[in-house]
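Before any questions on binding or motion, here is one chain by itself as structure tokens, the form predicted alone.
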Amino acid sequence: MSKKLIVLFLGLVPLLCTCFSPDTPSDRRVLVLLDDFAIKSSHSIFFNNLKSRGFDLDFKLADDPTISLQRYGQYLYDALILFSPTIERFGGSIDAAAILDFVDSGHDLIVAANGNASDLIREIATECGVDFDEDSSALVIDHSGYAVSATEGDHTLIASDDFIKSDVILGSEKIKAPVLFQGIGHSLNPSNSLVLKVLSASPSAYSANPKSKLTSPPSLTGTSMSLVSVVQARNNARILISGSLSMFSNRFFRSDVQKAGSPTKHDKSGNEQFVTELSKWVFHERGHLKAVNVKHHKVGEVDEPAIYRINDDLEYSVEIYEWSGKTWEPYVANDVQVQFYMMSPYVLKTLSTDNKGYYFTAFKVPDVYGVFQFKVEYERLGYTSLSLSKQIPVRPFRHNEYERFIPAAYPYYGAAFSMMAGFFIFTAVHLYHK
């Protein structure tokens, strides 16, 4: 029996060692669920790109009865890719609730749909703050921003270049060629502030059945419709939702593209660059922050005290780094702030930086005693949020710590001594004056 346990433990070691780690957030295992193994070859450029960046991909059919996200309470994977838009029911122990729990545990998710998206995929997207068009036969149509192709009149193949303006999410290198998109559009849940449009539809786009005439106004139109969206949850898990599985395909990666009305024809679409840069963000190869060496102490001292006194001069410092995909690099910004907080912030200071990841400031403890906190709540578009908190009590002066003579009380001192002097003068005059 003991030998069986040892063999089982040794079998689990490689799985546990490759899991997500705060020290190497992009060194992880990824489960890829497919409708058909043919997708593995038709989308091989995307998968090979992930492998070249150090990801360990595990391909399985979505209805495989053996698939599981966790074993013995431990997650076997750190990210999940759903390239199975038509699946009605997952195999094994996976269902919509299991996938949402996977995200709630801090893991990442990529979902790609198409015109045949199942109710299961739509349910997962809805829970993430994205609502696909309810019409199952609808596709995104654009009579002004379509891609010029050999198929005359096919305006469901869209060339979109309305990207989110964020170097963190899409990289610093500009995507020059439009992205080819063919699939379904979606809207963002207005009550979910965590969802962002990464690729938006043009003002002339709408969602409808391309094979039938419109009998009523389409539910999704113009720039309110999103083609590709991302979510960064409050636990820093990241989700990518695309209405087009073909957007990740080799055919779209290698295809030339010319947007209707534009004289410029690009030899290669922007799909590969767009998807590559976006996947780097989703898998925490960019925009992932960590804070270390949080310190505070009195000015002129080094050790962190157990308690401060009102009006003490103190210094606060923290080091912040960003993961570059391979190493931790210093994070440079001018908007990191610290609060000295008790019920509300008594002190709010912007931290100075040496441009090497070290942030610092100095301030005076307010003339209020109680239990305070040093708080750093840092949220910036595209970056993981930082929430730092250190509790410290603040005491008033002891009875023997006040100044012997308080300058503000000099008038009262003068009044007392003048009264005594006047009393002696009055006494002397009264006794000896005849």
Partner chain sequence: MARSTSKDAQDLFRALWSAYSATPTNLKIIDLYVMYAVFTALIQVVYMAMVGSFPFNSFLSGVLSCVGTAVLAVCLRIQVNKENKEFKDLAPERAFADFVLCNLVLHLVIMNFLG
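Numbering follows the first chain given and starts at 1. In this text, rigid core is short for the largest set of C-alphas that superpose within 1.5 Å between two forms. Everything numeric in this text was worked out from a predicted model, so none of it was measured.
What comes next is about the form predicted in complex with its partner chain, which is not displayed.
- Stretch-level contact check against its partner chain in the predicted complex with heavy atoms at 4.5 Å: of 62 to 70, 36 to 44, 400 to 408, 49 to 57, the positive one is 400 to 408.
- Shown here without its partner, the chain carries 289, 317 and 321, none of which come within 4.5 Å of its partner chain in the predicted complex through any heavy atom.
- Residues 415, 416, 417, 418, 419, 420, 422, 423, 426, 427, 429, 430, 431 are the members of 415 to 431 with a non-hydrogen atom no more than 4.5 angstroms from its partner chain in the predicted complex.
- Core-superposed comparison between this form and the one not shown: the CA of residue 405 exceeds or equals a 2 Å shift.
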